[in-house]
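Next up: just one chain, as C-alpha cells, the form predicted on its own.
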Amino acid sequence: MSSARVFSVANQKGGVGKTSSVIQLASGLARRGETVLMIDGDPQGNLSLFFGASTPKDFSQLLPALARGEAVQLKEYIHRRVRRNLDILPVNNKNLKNEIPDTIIHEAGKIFVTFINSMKEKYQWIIMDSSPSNSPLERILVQSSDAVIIPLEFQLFSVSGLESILEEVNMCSTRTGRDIQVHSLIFTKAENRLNRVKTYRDVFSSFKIPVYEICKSEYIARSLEKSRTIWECGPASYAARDYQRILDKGFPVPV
C-alpha cells in the first residue's frame, strides 16, 4: 500500500467511528511532520465542527462548481492549519444531499477525481470522511480514492455490512478502471474481555484484509467532547498507542 496517498473512510453504518478515525489518523500524520488535507464529505459536518473550520465556500459548493467547469480558487474552500501541517476542506450545508441533485453529483464525479489528483501536488496525504449511506456522494469519494479504510465494530451485522462495502468498492474500481484497494479494517471500541471477540477476529481475518483494533477508551470520548485529538488529550493512552500502530504499519513515510 506504499503508493496509496488518498483515502476515503467509509461504512454504510453510522456510529462506527468514521469521523473519529479521520481525526486521529490525519492529525497523527500531521504530527509526524507530513502535510495532510482532510475533506469533510459527510453533510453532518462533524469533522468540520470538531476543528471549528469555516471558509467562504465549502464542499457542498465545490461539487456544483466542478460540474459547471468553473475554475476553483482553493483559498476560498480550504481552511488552513487547523493544526500544524493539517488543512481541511469543510462542509457546512447539512442539506447537501437534498439541495444538490444526483445528476450534478454524477457530473462532478470525474472532475472531482481530477481535482483530488491535483491536490497530490500540495499534500502528502488526503483523507476523506463520508456519511453513513450508499449514495452517489459516497461513491465519488470512493472513486477518487487510492484506498478505502473501513471502521467497524465487533458485531454480527458488521459481517454483512462489510460484504456490501467490498462489493461497492469493487464496482467503483470497475467504473473508474482503477484498482481501488481496501487498505484496512479498523475495529473501534474493541474490548478483549468479551468472549465473542475472538470469534469475530477469526471471522474477519478470513477476508484477508489488514485488521487493526482500537481499544475502547474514555480518552477517545473525552477528546471528541473537547475538540482535541487523542495526541493532545491522551498521548500516552492505549488508544493513542493503537492509532500509532496503524500509522506505523499502514502509512509508510512518503519518499
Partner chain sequence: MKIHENKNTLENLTSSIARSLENTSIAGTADYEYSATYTAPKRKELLGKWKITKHTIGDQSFLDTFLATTWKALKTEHAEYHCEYEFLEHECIKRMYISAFSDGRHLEYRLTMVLLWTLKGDVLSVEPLIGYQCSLSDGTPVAIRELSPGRDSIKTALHLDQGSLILIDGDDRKEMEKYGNV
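Positions refer to the first chain, counted from 1. All values reported here derive from a predicted model rather than from experimental measurement. Heads up, when I say rigid core I mean the largest set of C-alphas that superpose within 1.5 Å between the two forms.
The protein also exists as the form predicted together with its partner chain; that form is not presented, and the subsequent description refers to it.
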Answer range among 133-141, 102-110, 159-167, 83-91 for contact with its partner chain, defined in the predicted complex as heavy atoms within 4.5 Å:
159-167
Would its partner chain in the predicted complex be within 4.5 angstroms of a non-hydrogen atom of every residue among I209, C215 and A236?
yes
In the predicted complex, the residue from F115, F154, Y77, Y123 with a non-hydrogen atom within 4.5 Å of its partner chain is F154
is_contact(T199, its partner chain) in the predicted complex, heavy atom dist at most 4.5 Å:
yes
With heavy atoms only and a cut-off of 4.5 Å, decide whether E70 touches its partner chain in the predicted complex.
no
Answer for F187 alone: is it within 4.5 Å of its partner chain in the predicted complex, judged on heavy atom distances?
yes
Report yes if any heavy atom of V182 sits within 4.5 Å of a heavy atom of its partner chain in the predicted complex; otherwise report no.
yes
Using the rigid core as the reference frame, would you say S205 shifts its C-alpha by 2 Å or more between the shown form and the other one?
yes
